[in-house]
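Let's start with one chain on its own, the form predicted alone, as structure tokens.
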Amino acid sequence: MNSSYSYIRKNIRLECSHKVYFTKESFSTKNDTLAEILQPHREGIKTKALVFVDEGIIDGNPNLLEHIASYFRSRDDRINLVCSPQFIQGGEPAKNDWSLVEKIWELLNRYSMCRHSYVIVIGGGAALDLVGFAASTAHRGVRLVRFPTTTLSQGDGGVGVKNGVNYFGKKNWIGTFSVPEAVVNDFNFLLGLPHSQKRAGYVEAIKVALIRDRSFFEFIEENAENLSSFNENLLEQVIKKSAALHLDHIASSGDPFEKGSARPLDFGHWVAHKLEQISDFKIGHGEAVAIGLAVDLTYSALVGLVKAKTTERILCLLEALGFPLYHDLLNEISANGNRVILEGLEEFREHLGGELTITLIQGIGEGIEVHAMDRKIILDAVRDLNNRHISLRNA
């Protein structure tokens, strides 16, 4: 029996504008950055806005709610803040709680937020992920303005196009790609951070420098001593450059929504994601990425991909900035007798949705993709890092 078929194909070119602003005191009544973002969609109609605040940032910003209220009061002829700012739980465990997504949806529905309305989220990376996911799935996308408040989110995750929550015990298993209306990096939010959170953003800066920009790596290396004491001007320079490099990759890679299997910005992350998971997120993302980088860099030296002295140089920089490069969970054994950390490799391949693609380096500023890793040599790298850890502890 003969059969025939026909189909119609049209190529749709989608162009997006991704705007990242750098400022200070963004909720001062004299600062117009946010007001310029919240433009009404037509003349004579007030812009509707709903603000979510990561409850974890209030201790370091005790006057924030008062400043937000004052800011919107001064512009209530053009902007309708539909209710007082809503607290949202932050930190990675919040992304395990599906009820928080439903809470955000309920508020968006209650205040009749539409696709011309704006959801504003102020907080760390987990809060941005959580609120961003809820906003991007309500009405197929309510406009989102992110205010990252950590060095990690200002230099990396907060300027990206990904949102997600955890499910099945896996990081960001449910999520969306959605370009935010704007990202506002307010450096004042960084001032009150504890040292561990200020430090965390350095590791993503080093990561992106290793795969894209040797001169940036050298800048961090030359200023390591002052960065380790959190010199304010240098901290801002590193975060701004890190954000620019991450944004440039998203815009110029040809794959902003990760249709392929390559994911160079996740260098060091297959180990990091697994460590976060098996530690119940007691290991923070910055520390986990530092350890993940250390494993992949040591592996790269062992297989001859990069010179051993280059790996040593990078490990010394991470240590100089205060990052531990080993954790006992790297040697955790699963119920079937295998090393748990190796499960992260398969989970990473699954997360990529196809062929395993791991970014390593063959030199500083020279990322390279590999499609297989020798599990025995991975464990040799872990052993070497353990020995290094013992030597430093006993020194």
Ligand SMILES: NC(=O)c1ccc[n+]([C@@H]2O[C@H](COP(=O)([O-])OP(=O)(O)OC[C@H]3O[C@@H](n4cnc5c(N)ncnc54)[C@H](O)[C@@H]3O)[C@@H](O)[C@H]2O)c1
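Because the structure is predicted, anything quoted here is derived from the model rather than measured. Each residue number is its position in the shown sequence, starting from 1.
What follows is about the form predicted together with this ligand, which we do not show.
Novice: Looking at 187 to 195, 233 to 241, 321 to 329, 212 to 220, which one sits within 4.5 Å of this ligand in the predicted bound form if you count heavy atoms only?
Specialist: Answer to the contact question: 187 to 195.
Novice: Quick one: is G344 in contact with this ligand in the predicted bound form, heavy atoms, 4.5 Å cut-off?
Specialist: It does not: once this ligand is placed as it appears in the predicted bound form, G344 has no heavy atom within 4.5 Å of it.
Novice: Does this ligand get within 4.5 angstroms of any non-hydrogen atom of G175 in the predicted bound form?
Specialist: No, no contact at 4.5 Å.
Novice: Do E92 and this ligand come within 4.5 Å of each other in the predicted bound form, heavy atoms counted?
Specialist: Contact with this ligand, yes.
Novice: Heavy atom to heavy atom, is K274 within 4.5 Å of this ligand in the predicted bound form?
Specialist: No.
Novice: Which residue, I120, I206, L152, A294, is the contact with this ligand in the predicted bound form, using a 4.5 Å heavy atom cutoff?
Specialist: Selected option: L152.
Novice: Suppose contact means any heavy atom within 4.5 Å; which members of 117 to 134 contact this ligand in the predicted bound form?
Specialist: G124, G125, A126, A127, D129 sit within 4.5 Å of the partner.
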